[in-house]
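The chain that follows stands alone, in the form predicted alone, written as structure tokens.
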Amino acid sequence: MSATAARTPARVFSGVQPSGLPHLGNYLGAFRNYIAMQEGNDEIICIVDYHALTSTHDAELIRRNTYEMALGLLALGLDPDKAVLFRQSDRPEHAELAYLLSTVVPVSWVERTPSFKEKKRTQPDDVNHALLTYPVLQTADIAIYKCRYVPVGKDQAAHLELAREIIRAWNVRYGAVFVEPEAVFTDSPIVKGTDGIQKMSKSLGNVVEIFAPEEVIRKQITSMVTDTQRILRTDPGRPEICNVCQLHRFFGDDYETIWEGERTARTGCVDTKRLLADRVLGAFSEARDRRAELAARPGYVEEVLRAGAERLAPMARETLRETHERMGLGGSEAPAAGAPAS
């Protein structure tokens, strides 16, 4: 299914890690889709601070990163009157539902997930239980609001398919309560970091931060690795593999001309980097001004997050009520005639 096809009234869910100041990979890979899909959809965007605890154990850092991510989303154009923006931990029903769903999940299902395998490699000294059960909480995040669509890149398809399997297994055992979510495969690119090799990521330190001071953004972009086989200024370049040239596709409609300049050595890597820095700063100028305005309003971000959580409270509580009833939890009438007494 395409992102365009989902732009009929439908409940859409996406979660974003609270990693602090948004970077270019966040925006091109997800946020611009959030902003587009808030039009005509019932969109829910969750800052997943529970999930962040699997790798971050600094309380103040979690709070600061959550604030910065929310502020950045609002500055970039997410409208709290059109989409619900909230903090995961403000709706603890997610955690309870994750436990209830986990009762139908074989351990082998979560052990095979790409995210668990990757985290075992990248943080071998902190392979905690929450990392293993991460996909179950992801499923609960989606299922508790009975969301139909989840916008993802194709690299995340395996995780959504696991969510579908978990929901299917629970529904088969207890009866149809949850909606099996469908992927909305966006046209978002996998944005390489400044190293030109790995995906742009805060944890790898290879990002271009949208809201950093101008001099920092320029330094981040001018330090980007380009075509490693282009040694001299007079050597022809290969824009198809140059990360800077690839990013020019999103900032201006003349990227083919820029690419041709690289192929013919009419321009050099320094030229294209400087131009990209100018264009990135120009593209986010209004968002940077908007962020400064919102940051100057004490309590505004917290107000938006709490209001979003309150809007979702009735839905979350009703889903848990249904789940409890189906699973035999909580009070009930006396057993039917002929049933054994407890």
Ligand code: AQP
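Numbering starts at 1 and follows the sequence shown. In this text the structure is predicted, and so the values were computed from the model without any measurement.
The same protein has a further form, the form predicted together with adenosine-5'-tetraphosphate (AQP), not shown here; the description that follows concerns it.
_Given a 4.5 Å cut-off on heavy atoms, tell me which of 149-157, 171-179, 216-224, 238-246 is the interface stretch with adenosine-5'-tetraphosphate (AQP) in the predicted complex._
Stretch 149-157 is the one.
*So in the predicted complex, does residue 203 come within 4.5 Å of adenosine-5'-tetraphosphate (AQP), heavy atom to heavy atom?*
Yes.
_Considering non-hydrogen atoms and a 4.5 Å limit, does adenosine-5'-tetraphosphate (AQP) approach residue 33 in the predicted complex?_
Close contact is absent here: in the predicted complex, residue 33 is far from adenosine-5'-tetraphosphate (AQP), nothing within 4.5 Å, heavy atoms only.
_Can you work out whether residue 230 and adenosine-5'-tetraphosphate (AQP) are in contact in the predicted complex, taking contact to mean some heavy atom pair no more than 4.5 Å apart?_
So residue 230 does not count as contacting adenosine-5'-tetraphosphate (AQP).
*residue 26, heavy atom within 4.5 angstroms of adenosine-5'-tetraphosphate (AQP) in the predicted complex*: Yes.
*Only one of 190, 127, 107, 197 comes within 4.5 Å of adenosine-5'-tetraphosphate (AQP) in the predicted complex by heavy atoms, so just point that one out.*
Partner contact (heavy atom, 4.5 Å) among the options: 190.
_in the predicted complex, residues of 10-24 near adenosine-5'-tetraphosphate (AQP) [heavy atom within 4.5 Å]_ = Contacting residues: 15, 16, 17, 19, 23.
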